[in-house]
Structures are given as C-alpha cells and as structure tokens.
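So here's one chain in two forms, each on its own in structure tokens, numbered structure 1 and structure 2.
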Structure 1
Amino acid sequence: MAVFDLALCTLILLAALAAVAGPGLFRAVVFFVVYGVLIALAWVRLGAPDVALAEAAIGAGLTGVLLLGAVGRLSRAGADEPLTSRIDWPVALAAGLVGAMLVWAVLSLAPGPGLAPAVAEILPQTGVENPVTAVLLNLRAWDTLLESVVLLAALIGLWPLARGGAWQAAAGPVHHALPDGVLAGFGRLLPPVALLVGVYLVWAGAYQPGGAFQGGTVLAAAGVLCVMAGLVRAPGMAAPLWRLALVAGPGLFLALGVAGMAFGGFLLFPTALAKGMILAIEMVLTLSIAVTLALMVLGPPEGGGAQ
C-alpha cells in the first residue's frame, strides 16, 4: 500500500495547490471539496474513521456547499472574479514556515503509544465502547459543548443578513422544482434512506465510528434536499418549535453538565448513568445540529412568509 499512500499524498498536495493558487473562485471551491475528500481518505489510512466521517461530511460536504453558495452570492451581486490568481508571497512564506515547523514537531515526537493506553484503561468508566465518543462526550466534553455553541452562534450571525431585517421569515430563497423532475424524484427517494443512515450513525457512535455531528450532517442534507425539491417549505424562526430545536442540544448538554456537579464536577458523568446521559445528549444534539446546518446551507431569508 506504500504506492497508494504516496499517490494519495501527492494528490492532496496538488489539490491544495490548485485550491489556493488556481484561477477562479468556483474552481478553487471545487478543488477545496476534492481536497477534503482526499483528506478523509488519508484519515481512513491512518486508522481514524471517526475523523474521516467528520471530514467528509462537514469539512468537504457542508463547507463546500457553503462556499459554493458564497460564490453564487458574489456572482449575483456583480462582484468581479479575478481572471488570474496572484500569490501573496509574504503570506505564502509564513504558511510555508508554519508548515515546516509542524513537520519538524511531528518528526521530533518520541515514538510511543500516545494517549491510547490511558483512554483504554478508563474506557469502561465512560459508559461507551467507542474511545472517540468517550473522549468527546465524557473525558473532554467541554470541547464538544463549545463546538455546538459556536455552531449556533454562527447561524445567529448569519441571520442579520436577511433582506429587510425579516430574519423570522422562511430561510433562503423560494425554491421551485418540476413535479416530475430529477430533483423532485431524489427528494422523495433519498430522505428516508438518509433518516435511517443518520439515526444509525448516532446510535452506532457509542461503540464504533459515528456520532451526533456525522448523523446531524446527513439529516441536514436530507432536509435541504426536501426544501430544494419543493416538497416542504423552508423553516423560519417565527415558530417556537424551531427555536427550541436549535437550542435543545446545547441546552441539554449544559443542563446535564451542571447536574454532574452533584457527582463531583461540571460535565462529570457517573459511571452508572454515563451511557444513558451520553446517548441522550447525542440524540438531542443531533437534532439541533441537523436544524442548524440546514438553516446555514439554506441561507438567510430572501422572501416568503414566516413559519
């Protein structure tokens, strides 16, 4: 597999170079998505399928869609796209220096098992069998809690861009699709499959690769597809249930974290209750992540009534 690994590393470098130095914003975003897919393959080769799933779903998929939407908005706004790219040499040199330092830091690390033995030793006390889930939702739950809050803050920061300040209206533009067209057909076919996959990823995250962010991204994609196919109307923030869906995951996470103080510390889950608490957080957090990501992809309201 050495030939495959060498070819993969080469493609990653070429895709990164094309995304940064290639002409055209649209082409740069396309190569960015390709870069994300290749990085996901690299994580698989490194034995980190959890990170690979997150990179493919969020790093390449969701971020790529958001960047494509930004390019489309720039085009509609009449922003001129540069015909040729210009390399900012000071920035390039600084990036190269940082890259060289990272390579030196990795090569200077002493060989060893890392934190894997310590995590394996304490894993039975975390309530789950997947060490990644144990770290993210028990041993280092602070990180995941803050990530969910940052995601919600990003959506709140997007809403002031709504036309006329009507941020409570239906998200994004009004979508129309041919009733018998390909988009409408996919809108009817894929969401049930995506629902099963999303739920499975969340449930499987307790003992194998998966989790709330991966499952939430799949559910968000299914929701966006239904809206684009014209099967359902885009949600808006006028309805209390949508607002509740946004804050339910971080809110439950924070509430259980505070409850953990009764057992010795914030976000400290007792062994007997850890699995149930983690699964509850994962399920509710998946809903919040799905709604948040879907609203971010759809964009701020551009027309239509509130819901």
Structure 2
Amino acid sequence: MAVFDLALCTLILLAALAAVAGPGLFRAVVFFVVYGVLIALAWVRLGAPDVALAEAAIGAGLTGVLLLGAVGRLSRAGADEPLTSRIDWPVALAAGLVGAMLVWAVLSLAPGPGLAPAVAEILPQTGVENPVTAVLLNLRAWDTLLESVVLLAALIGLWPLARGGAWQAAAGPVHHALPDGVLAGFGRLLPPVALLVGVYLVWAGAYQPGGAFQGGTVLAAAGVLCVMAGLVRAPGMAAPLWRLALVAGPGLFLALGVAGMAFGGFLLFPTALAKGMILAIEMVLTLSIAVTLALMVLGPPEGGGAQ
C-alpha cells in the first residue's frame, strides 16, 4: 500500500495546486471538489474515519454547492475570470512559511502513542464508547462548545449581506424547478433517505465514527436539496421556531455545562449522567448544526417572501 499512499499524496498535491494556481474560477472550484474526495480517502488511510466522514459530507456535499453557486453568481454579474495564474508572492511566501513550519512540527513529533492510552484509560468515565466523541463532548467540551458558537456567529455575520437590508426574509434566492422534472424528482426521493442516514450517524457517534457534526451536515444537505428542488420554501429569520433551532444546541450545551458546576466545575459531566447528557447535547446540537449550515449554504436573503 506504500505505492497507493504515495500516489494518493501526489494526486492531493496536484489537485490542490490546480485549485489554487490554475487559471479559471470554474476549474479551480471543480478541483476543490475533487480535492475533498481525495482528502477523505487520505483521512481513512490515516485511521481518522471521523474526520473522513466530516470531509465527505462537507467537501462532497455542501462546499461544492456553495462555491459553484458563487461562480455562477460572478458569471451572471459579468465579473468572472478575474483570476490570472499570476502568483501573489507575499501570499505564496506566507503560505510557504506556514507550510515549512508544519512540516518541521510533524517531523519533530516524538514517536509514540500520543494521548490515545490516556483517553482509553478514562473512557469508561466519559459515558460513551467512541473515544473521539468522548474527547469532543466530554474531555474537551470547551472546544466543541465554542465551535458551535463560532458556526452561529458565522451565520449572523452572513445575514447583514441581505439584499435591501431585509434580513428577516427567506434565505437565499427564491429557488424554482420544473415540478415534475428530473431535479424535483431527485429532491422528492433523496431527502428522506438522507434524513435516515443523518440520524444514523448521530446514533453511531456514541459507539463508532459519526456524531453531531457529521449527522448535522448530512441533514443540512437534505434540507438544501429540498429547497433547491423548489419543493420547500427556505425559512426566514422572522420565525421564532427557526431562531430557536439555531440557538438550541449551543444553548443546551452551555446550560448543561453550567449544571456541571454542581458536580465540580463548568462542563464537568458526572459519570452516571454523562451518557444521557452527551446524548441530549448531541441530538439538539445536530439540529442546530443542520439548520445553521443549511442557512449558510442557501445564503443571505435576496428579497423573496419568508415562509
């Protein structure tokens, strides 16, 4: 498999180079989509299937839609193809420097098992069987809590770009499709299956690779497809229930973290209750992540009526 790994690394570098330095926006975006598939393979080879799952869902599903939509918009505005293959030297220098530092950091890593034994030792007290979930939602819950807040902040940052300042209107442009066409047909069939897969990934997260982020991304993709197929109107931010869906995950996480203070400290989950608490956080967080990601991909409101 050494040949395979070497070939995979070469392809990743080629795809990355073509995406960054190749001429033409559209080509760059397609190479970025391809790069996502290759990176997912690399994560599996590195024994990190959790990351591979997230990459497959985000890279293959959502970023493609987002970036291709952006290219289409630039082209309609007559502003596409501003990219020349001219290299921006200061940026290249800075990126090269960071790259060299990363290479140095990797090479200077002491060989050894890392933190895995320490996690394995404490795993029974965390309430879950998947060590990655244990780290994300118990041992380093701070990180995950802040990440979920960052996601929300990104969406709030996107909202002021609403056309005409109507940020409470339905997200994105008003999508439409031939009601009995191919696109609508696909949009009628796939989302229920995607919903099942998304919930499955959340359930699986307690035992094996999976979790709120991966599941939420798949659910977001299902929602985006429903809207893009013209079957469901995108939600608007005037609706209190949608706002609740956005903040419920980080909110519950924060509340249970504060409750943990009764047991010794912020975000400290007592072993007996940890499983239930983590499960509750995961489920509600999945919903929030799904709604946040879907609204980000659909884009700021463009003046269509809200739901």
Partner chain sequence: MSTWLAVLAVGLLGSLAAALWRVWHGPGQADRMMAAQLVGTAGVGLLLILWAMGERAALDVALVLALLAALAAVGFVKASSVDGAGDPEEEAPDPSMIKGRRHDP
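For clarity, a rigid core is taken as the largest C-alpha set superposing within 1.5 Å between two forms. Predicted model only: the values in this text are computed from it and were never measured. Residues are numbered by position in structure 1's sequence, first residue being 1.
Enquirer: 1 or 2: which is the form predicted alone?
Expert: Only structure 1 fits here, because that chain is the form predicted alone.
Enquirer: Would the C-alpha of residue 69 be classed as shifted by 2 Å or more between structures 1 and 2 after rigid-core alignment?
Expert: Yes.
Enquirer: Kindly check if the Cα atom of residue 157 is displaced 2 angstroms or more between structures 1 and 2 relative to the superposed rigid core.
Expert: It does not reach a 2 Å shift.
Enquirer: If the two forms are fitted on the core, does residue 116 show a Cα displacement reaching 2 angstroms between structures 1 and 2?
Expert: No, the C-alpha position differs by under 2 Å between structures 1 and 2.
Enquirer: Taking the rigid core as fixed, quantify in angstrom how much the C-alpha of residue 94 shifts between structures 1 and 2.
Expert: Comparing between structures 1 and 2 after core fitting, residue 94 shifts 3.3 Å at its C-alpha.
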